[in-house]
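Only one chain is shown below, in structure tokens, and it's the form predicted on its own.
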Amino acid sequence: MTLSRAQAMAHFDMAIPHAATSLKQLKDDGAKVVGFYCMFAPQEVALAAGAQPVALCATKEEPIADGEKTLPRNFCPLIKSSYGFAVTDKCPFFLHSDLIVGETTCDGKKKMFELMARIKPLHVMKLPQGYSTEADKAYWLSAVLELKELLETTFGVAITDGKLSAAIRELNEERLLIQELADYMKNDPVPLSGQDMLKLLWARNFVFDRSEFGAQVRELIGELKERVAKGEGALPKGAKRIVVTGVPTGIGAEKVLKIIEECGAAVVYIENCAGMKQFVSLVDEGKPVLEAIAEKYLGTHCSCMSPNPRRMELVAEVARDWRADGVVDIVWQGCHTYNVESRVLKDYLSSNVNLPYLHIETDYSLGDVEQIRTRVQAFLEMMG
């Protein structure tokens, strides 16, 4: 068996480094930009407004010291990094955004957005506490409608049902393509590393020519098909298969994934907001457009929802389908909702799929790398 990297990943290696230049060119050409931090932000509405939705910087340790000049030190690193990037103008995507769309996924972010609004035009979408009742759905639909009307006013455009339908079809096609890609991670040996899967999914937020992005993903899928036929893998055949869940682990904050694969295991599925969470469901193209968009995004199984049974069910489903040997749950320090939910998830997995489970609480620093490595090694050895 040959261990190697898919050649098509070379394109995605350069996607993020080139993104700032690409976005500046779009701005110079007159494009409008909507920056967002969270996958609850409905990108179809921004696209239908003729704007470019772009993910904002939040996964690097460097600006945290600047964030801590204003925010409490015991906030989660994601919030401090987001704010540090914003106040220092070190995030080109924040710099070029005409409007920032935030969301009430936690109390820390809500209060941080109050401060951030002093820097940029900012709109906060207010989430209900849950996703299951009719009252929850009606509340969120009103929030999506409010965003639509704000974008129409801000950019002086009319967001028609036809424009929303076109945006839905475009993003649904992309979701189906990513689902097809993720299915290749069911093979043994796994043809793509978890770190490369993360890089590709992260690059999706920074490639502004969506047709080009789709073409590059199709090229990669073609290569993975050939690698599977030849028995080529990114990790050895028989490597322990790990599903990663928990908080977002974007580029710059992927140390646990790196450690897992350095220890010889394969990350076969990334079940978090930086991974597959935004691609697992489609917008229903048979329903009224705004209602369908609201329904898809409200169904996000984030720990901010209470209760949040869908996450437990989905992690168990994924673990079965991708034949996982264990689940690693990553939680940022200060992220209370994911930290509390870790106990619920551990118990659910134990009762329903009898899978080994490892909870890792960490931050963006590298000071605990060897401690995490020791725990991951012991976790893998325990599996036999």
Partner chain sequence: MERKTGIVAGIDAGSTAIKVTLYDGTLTENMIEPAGWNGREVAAGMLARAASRRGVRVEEIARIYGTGYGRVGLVFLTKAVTEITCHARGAAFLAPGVGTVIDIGGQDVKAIRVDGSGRVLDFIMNDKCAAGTGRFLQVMAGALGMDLATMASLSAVGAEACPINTMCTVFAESEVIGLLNRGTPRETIIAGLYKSIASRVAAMTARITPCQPVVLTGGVALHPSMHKALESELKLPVTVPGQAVFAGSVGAALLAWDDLQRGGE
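Please read these numbers as outputs of a predicted model, since none were measured by experiment. Numbering follows the first chain given and starts at 1.
There is another form of the same protein, the form predicted together with its partner chain; it is not shown, and what comes next is about it.
Undergrad: Taking the partner as it appears in the predicted complex, which of 23-31, 355-363, 40-48, 321-329 has residues with heavy atoms within 4.5 Å of its partner chain?
TA: In the other structure, the partner sits against 355-363.
Undergrad: Determine whether any heavy atom of Met382 comes within 4.5 Å of a heavy atom of its partner chain in the predicted complex, and answer yes or no.
TA: Looking in the predicted complex, residue contacts with its partner chain include Met382, since a heavy atom lies within 4.5 Å.
Undergrad: Answer for Arg375 alone: is it within 4.5 Å of its partner chain in the predicted complex, judged on heavy atom distances?
TA: Although its partner chain is absent here, Arg375 would touch it in the predicted complex, with heavy atoms inside 4.5 Å.
Undergrad: Wondering, does Lys69 line up within 4.5 Å of its partner chain in the predicted complex on heavy atoms?
TA: No, Lys69 is distant from the partner.
Undergrad: Please run the contact check for Lys346 against its partner chain in the predicted complex: heavy atoms, 4.5 angstroms, yes or no?
TA: Yes, Lys346 is a contact residue.
Undergrad: Using a 4.5 Å heavy atom cutoff, which residues in 227-259 contact its partner chain in the predicted complex? It's fine if the answer is none.
TA: Residues within 4.5 Å: none.
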